Every structure is written in structure tokens, then in C-alpha cells.
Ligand code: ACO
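Only one chain is shown below, in C-alpha cells, and it's the form predicted alone.
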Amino acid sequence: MTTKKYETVLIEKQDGITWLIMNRPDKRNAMSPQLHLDMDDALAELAVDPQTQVLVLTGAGEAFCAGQDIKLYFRANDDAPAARAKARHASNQWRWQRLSTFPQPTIAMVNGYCFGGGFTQVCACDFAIAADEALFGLSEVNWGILPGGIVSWNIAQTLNFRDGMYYALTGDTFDGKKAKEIGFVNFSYPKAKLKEETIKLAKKLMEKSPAVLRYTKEALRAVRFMNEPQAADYLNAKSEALRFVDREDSRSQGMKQFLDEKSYRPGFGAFKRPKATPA
């Protein structure tokens, strides 16, 4: 699949990992209307890209994302309702809908500044890894607005309620180590090791069955908002559906290697995957 070229987004592919890079480094990757349109299109393309086994979202230069570009996203569209609506739709579409339902595993690699609206795409990814030196902040309260869009919802869903309330109401910043401590990211590493550790996680995920990864991440997201009977019914149906779409027949292969061949031990890595059956 040919990779498109975009004005504000870079795409790099290597060994099954696709790096999706917000590319406005001079603005700390603040999100302009054009960036939203580019990202929305790029994610739609990559969702059906056979080369993309794991998607890593990050920012060019020294920042991850400084939030919305206030001048271009808000003020420039004050008198242009159609353009404002288009930008708002693309903003929510790529940062939440496309990322949270992306077919392959997604990792937010937070390499630097992550402020305001940048929290949404971190929450939408399946995993988040931050540099120890990364700086997070919800500064909206300090200049007269609240964390809008769905940022406040993301905070309430991802952070401990007390931590979310504290950072939203004070505007205080926190670094990557603190982000790990309060559960906003999975891991925090020195910036010099950030990419190396992100690749390690991506490779670990690529050892697993793609179908099982997809159905598992979809199941976990879905059952968060269900009661126990609803979750049990959904998961039973999801498990049955997985057996029909998994071309590698992972269930049978895993049982065979564990029970018959004694070549696989649960808890000690992935079972050996067979070659996928051609479509």
C-alpha cells in the first residue's frame, strides 16, 4: 500500500510498526484544523493497511502535543461556522473514534509536552509510554476555560478521580514518572530509551494473534460500561465470533501446544503462531 504524503503528519513504517507522527514541531505539535483533517484521513488509510501490525502515535521534535492551536482552531474560525464544524468533527473523529477502535494495537509514545487536548489521544490509545522528562498539564483552568471536547471525560475515565480533580482544578503539571505513578501511562523511561522500549512492547504484541488482540481490546473497552450479566453475555458471543474470524486458529493451536506437544507454558510468552491462511 502506497503511503500518502500529508502537510502536518508524517508516516514511517518499519518491521510491522507504523509510526504516526504529529508534525508541527515549531508549534509543539499543537493541533490545527489541517492536522485534524490529515490525521483523520491517515488513520482511515492505516486501519486497512496490511503492513501496520502495531501503530505508534507520537510527536515530531521535543513535544508530543501542546493541545489545540488556539489561534487556528478557535479564533480563525470564529466567523466560519462550516469550517469550524468540519474541524471539530475531524478532531473528535481521529482522536477518539478512529484511535479507540483502531483494529491493531496502538501505543502513544509521549516524548515531550502533552497538554490539554493532547490528553484525548493518549487515552484513546491502548497503551501509553512516556519519557521521564515529558511534561503533562491541564492548564485550561488558568486561562478561563474547562478541559473541553471530551478531555474531562477522558480524565474521569483514565485517572483516579482525586488525581483527575486535582490536576484539572489546579492546572499543576506533572512529569512522566508521576504519570506512571497515577496510572495515566503504562510505563515511564528516560527519554534516551523511550523509542527502544516502545519498539520492545510493539514486538511483544506482534508475537500474538492479530485476531485475538483485536477482539480482546474491543472486549475490554466494551465491558467497562456493562453490568455483570451484560458483560458475560457479550464476552460469550465475542468468544464464539473470534473462532470464526481467526484464520490462525489460535485456540486450537494454543491448546495443542500446551496439552499435547508440551511446547507452550502459559505465562511464559506467546505460543508459536502458525502461518496465516491466505485470504
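Remember, predicted model here, so these are calculated numbers, not experimental data. Heads up: residue numbers just count along the shown sequence, starting at 1.
Below: the form predicted in complex with acetyl coenzyme *A, not depicted.
Original post:
Does the 4.5 Å heavy atom contact test between Ile70 and acetyl coenzyme *A in the predicted bound form come out positive?
Top reply: Contact check for Ile70: yes, within 4.5 Å of acetyl coenzyme *A in the predicted bound form.
**OP:** Please run the contact check for Gly116 against acetyl coenzyme *A in the predicted bound form: heavy atoms, 4.5 angstroms, yes or no?
**Re:** Contact check for Gly116: yes, within 4.5 Å of acetyl coenzyme *A in the predicted bound form.
Original post:
Wondering, does Ala30 line up within 4.5 Å of acetyl coenzyme *A in the predicted bound form on heavy atoms?
Top reply: Yes, contact at 4.5 Å.
Subject >> 4.5 angstroms heavy atom contact with acetyl coenzyme *A in the predicted bound form for Glu133 >> reply: Although acetyl coenzyme *A is absent here, Glu133 would stay clear of it in the predicted bound form, with no heavy atoms inside 4.5 Å.
Original post:
Quick check: do Tyr6, Asp40 and Val122 each get a heavy atom within 4.5 Å of acetyl coenzyme *A in the predicted bound form?
Top reply: Contact check failed for every one of Tyr6, Asp40 and Val122.
Original post:
Here the chain is shown alone; which of Ala82, Met165, Ala192, Ile145 has a heavy atom within 4.5 Å of acetyl coenzyme *A in the predicted bound form?
Top reply: Result of the distance check: Ile145.
**OP:** Could you tell me which one of Gln97, Thr158, Ser139, Asn186 places a heavy atom within 4.5 Å of acetyl coenzyme *A in the predicted bound form?
**Re:** If I apply the 4.5 Å criterion carefully, the residue I get is Ser139.
**OP:** Among 265 to 273, 19 to 27, 251 to 259, 6 to 14, mark the stretch whose residues have heavy atoms within 4.5 Å of acetyl coenzyme *A in the predicted bound form.
**Re:** One stretch meets the cut-off, namely 19 to 27.
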